[in-house]
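First, one chain by itself: the form predicted alone, in structure tokens.
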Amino acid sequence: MSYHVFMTTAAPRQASGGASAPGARHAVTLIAGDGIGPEVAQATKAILEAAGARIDWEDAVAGKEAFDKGIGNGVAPETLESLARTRVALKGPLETPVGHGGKSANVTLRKLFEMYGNIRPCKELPNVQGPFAGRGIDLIVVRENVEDVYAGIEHMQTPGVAQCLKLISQKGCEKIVRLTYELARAQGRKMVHTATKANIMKMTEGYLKRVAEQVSQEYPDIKSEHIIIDNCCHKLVMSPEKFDVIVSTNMNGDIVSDLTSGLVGGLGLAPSMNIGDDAIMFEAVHGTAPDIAGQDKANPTALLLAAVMMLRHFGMFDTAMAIEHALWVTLEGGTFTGDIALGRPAVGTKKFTETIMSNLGKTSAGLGTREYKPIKMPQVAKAPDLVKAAQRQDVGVDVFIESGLLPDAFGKAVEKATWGCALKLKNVSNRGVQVWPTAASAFDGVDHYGCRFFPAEPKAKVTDKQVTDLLTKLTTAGLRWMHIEKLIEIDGKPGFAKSQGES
């Protein structure tokens, strides 16, 4: 397995920044968002202006307003044009249809600009009460952002069975792993956990594990460890202070980053950044909270901390630190919005914002002195066929068939229908468990069978004509197939998993 990487500090269109020239101003696409979004965006803008941040804002539309205009992806064309120009966005929460309607505007923005890395800091804030208060939590979750089941490739297989494709690539794994280690170096962190479900999904989740094991060798200054994702969640609620940086695949990273947000007070305090080579988007993680929108109750902390990350991206490290200190001093002084007051006196959004601005220039001993440096963005080769195989061969085919027959009757029907084919039925599975010719003691399956065929003549070459002949015979026999998967060997190793119980 080879890694095609050019470790330059900058590419012509690189989004991750170093220190800006003194006095330089930066254009930013501002997507205020829905619900409480406009309130927290206004508060954040006011604090950044008071701190002297050199930002020129371009207001843009996404989310509910775009959906209401009939824009299916939830992002106005002018917003895409703005982000293509500025290459940096600050985004509040967006409303997304659940279970129906258009695609998530959040996902649209990430994918169209290939923001492949999602970085979620999880740092304990002062005076925020909770079961983990005082533990000194200060960790980061790095989530691969464009692959995995979040690719959204779904199909109905039968009226009662749906499929979602989990796509994991070496390129995607290498990009996110290298970004993780460069981030760890930029912040002086000492430990990276690669969290996967590689014990079950050995090819997809296992890809991240294998790439991390290889790439980590290039970072001897950072300790590396693999951890099963469920064990990671378990340990996060047992001893979260022992974690430093965690990298994971898209869905696992989504789940575990929400978990870590809960350790320090919830999503209302959680900032995030989505980063790629061509654009970067800083955002609040929380939802739109329509029940309190427009009532001066919203907490701007998440978007403000996302803006702090943005300032560091621009190289405005002193300004970022001043804002972070002012927020810490505000919380240490007992000024809270209602969501974190928990029985203590609460103030509104405007008063909270004004208090932070009045505390600019003050310092908090509790914030610590972590040194921040620009992230050195890894440059992985752009070729779609990044991985080359010395040898590859089609050795069989899986055909997925809809049938209401029970396993024994179904297996015999397929065997009869394909009698005399160059490809012979070896076994039948149902949801990944072999059910024919031998089966588990209990069966309560569905009308979705996987039929595995290999050449009738051992080690014979499998051809496309043999596959089409097989499908023709199945169709002629009235057996409805919905899709096929070629079984390949790559450099002498099988590129497919066995069913549970398959010999």
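For clarity, a rigid core is taken as the largest C-alpha set superposing within 1.5 Å between two forms. Given the structure is predicted, the values throughout are model-derived calculations rather than measurements. Position 1 is the first residue in the sequence shown; the rest follow in order.
Not on display, but discussed next: the form predicted in complex with a small molecule.
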### Query
Can you check whether residue 36 is within 4.5 Å of the small molecule in the predicted complex, heavy atom basis?
yes
#### Entry: Partner proximity in the predicted complex: residue 267 to the small molecule, non-hydrogen atom cutoff 4.5 Å
yes
### Query
With the cut-off set at 4.5 Å between non-hydrogen atoms, does residue 96 touch the small molecule in the predicted complex?
yes
#### Entry: is_contact(residue 110, the small molecule) in the predicted complex, heavy atom dist at most 4.5 Å
yes
### Task
Among 111-119, 317-325, 408-416, 279-287, mark the stretch whose residues have heavy atoms within 4.5 Å of the small molecule in the predicted complex.
279-287
### Query
in the predicted complex, does each residue in the set 292, 298 and 339 place a non-hydrogen atom within 4.5 angstroms of the small molecule?
yes
### Task
Let me know the one among 143, 175, 91, 193 whose heavy atoms come within 4.5 Å of the small molecule in the predicted complex, would you?
91
### Query
Of the residues 106, 250, 204, 82, which one places a heavy atom within 4.5 Å of the small molecule in the predicted complex?
106
### Query
After superposition on the rigid core, does the Cα atom of residue 454 shift by at least 2 Å between this form and the one not shown?
no
